[in-house]
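Okay, so we've got a single protein chain in two different forms coming up as structure tokens, structure 1 first and structure 2 after it.
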Structure 1
């Protein structure tokens, strides 16, 4: 009984501790602000968080799977009349077998929630120097409007500067998904949604539609190009002239 009490209080302290860690991470996340030149990269943050979560769920999955396999093999009946030897738990054991796993699961939940929250603040807080591009979704193409009013059908952005997309739709719901920059957000009529990303190196990639939007949903994609600043300016000039 004494050992049980010690274990339980240890678990409670552990949970309390992880809740405290979580709370301070929340506070820190809320305090962080995107400044003009130093801002965290949301895509790198995504990759980091993913690795952390993947490790977490892999460890849990492997532990439980090994336990299941061990028992499925070890506890095979030796004779047809054999019955199981599982004991009835005492009240204290029953409560311990609820509180200990529940505390462990909750501790893990709060830990992941705190890290998720911190990354969320990075993803949602647009740096002050971000360049704004307007995005419109239509059945079935994307269009982009640059700060100087130029309109294009593909997204070309200069590297080294955060980009914020303010998005809306002219008809049904679409979703703007750019896997290379780890961002997606729905685009819908009557609302303006946003995402921001940080093109830090030259790269050609795509944006696809992620929300079912009718017949040509699967071909509603276009190029996304991150290019050096001077190439961007030359491109924009050419587009403006053509438009």
Structure 2
């Protein structure tokens, strides 16, 4: 009984230690949002979290594989007359073998979940200085209205400037998806939804509709360009003049 109590105490302390390690790592991880220019970068944060998930899955897989191979070799049958068998464990050892690994993996899962919640909060908290662009989804194209009233069918934004998109639909439900910036949000009639992103480098990409919205759903995409500020101003001036 005393051995069992000692083992359970060890499990508790181990779990507590794991939770502490996870909490410490989480506290360090909250800064991993890719904020290189003073603004958080949700896309970089999601990429960082995804790499952590892949790393964890790989480490756990390798640990289990090594443990399985070790036990297969260690406790194998050594002659045709034998049956392979493992070492007989005491009750305390059996409990420890079950709970200690489970506690460690749960602490790791909590760490990843906490990082996911942090990234989600970053994704939903629009920077105060974000430039607002109105987006309207229609069967089967997107239209964009800039702060000066200019309307276009392409999304062109200046780099180094957080962009918030206020979106609605004139007909059916659409979904505004930009994989390059790791953002997707539904666009619905009678309701305004939003997403924001931080274009930190020149890039040409696309936005597609990610919700089946009718016969020509597959052609509902358009260009997204992130350009230097002076190029953005020249482009917007040209679009406004073309009117």
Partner chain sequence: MSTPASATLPHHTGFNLKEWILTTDHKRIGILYLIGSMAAFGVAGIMALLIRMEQAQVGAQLITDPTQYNRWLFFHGAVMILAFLIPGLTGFAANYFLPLMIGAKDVAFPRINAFSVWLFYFAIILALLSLVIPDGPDIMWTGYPPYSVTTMANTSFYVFTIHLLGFSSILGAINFLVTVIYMRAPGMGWNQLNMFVWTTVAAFVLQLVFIPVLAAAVTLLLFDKYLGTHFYDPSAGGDVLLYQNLFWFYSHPAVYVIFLPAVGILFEIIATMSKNRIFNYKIAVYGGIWGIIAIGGIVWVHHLYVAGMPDWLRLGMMVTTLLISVPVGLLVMSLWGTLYKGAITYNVAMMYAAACLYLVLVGGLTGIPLALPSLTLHLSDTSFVHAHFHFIMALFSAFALFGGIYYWFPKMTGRLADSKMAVVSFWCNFIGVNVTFWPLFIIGLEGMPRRYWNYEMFPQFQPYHEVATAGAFLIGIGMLLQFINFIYAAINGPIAEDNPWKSKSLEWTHCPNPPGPGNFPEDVVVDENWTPYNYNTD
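Remember, it's a predicted structure, so these values are computed and weren't measured experimentally. Positions refer to the first chain, counted from 1. Rigid core: the largest C-alpha set superposing within 1.5 Å between the two forms.
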{"query": "Number of the structure representing the form predicted alone", "finding": "2"}
{"query": "Core-superposed comparison between structures 1 and 2, residue 189 Cα displacement 2 Å or beyond", "finding": "no"}
{"query": "C-alpha of residue 108 off by 2 Å or more between structures 1 and 2 on rigid core", "finding": "yes"}
{"query": "Displaced residue check between structures 1 and 2: residue 61, CA, 2 Å or over, core reference", "finding": "yes"}
{"query": "Core-aligned CA shift between structures 1 and 2 for residue 84 (Å)", "finding": "12.8"}
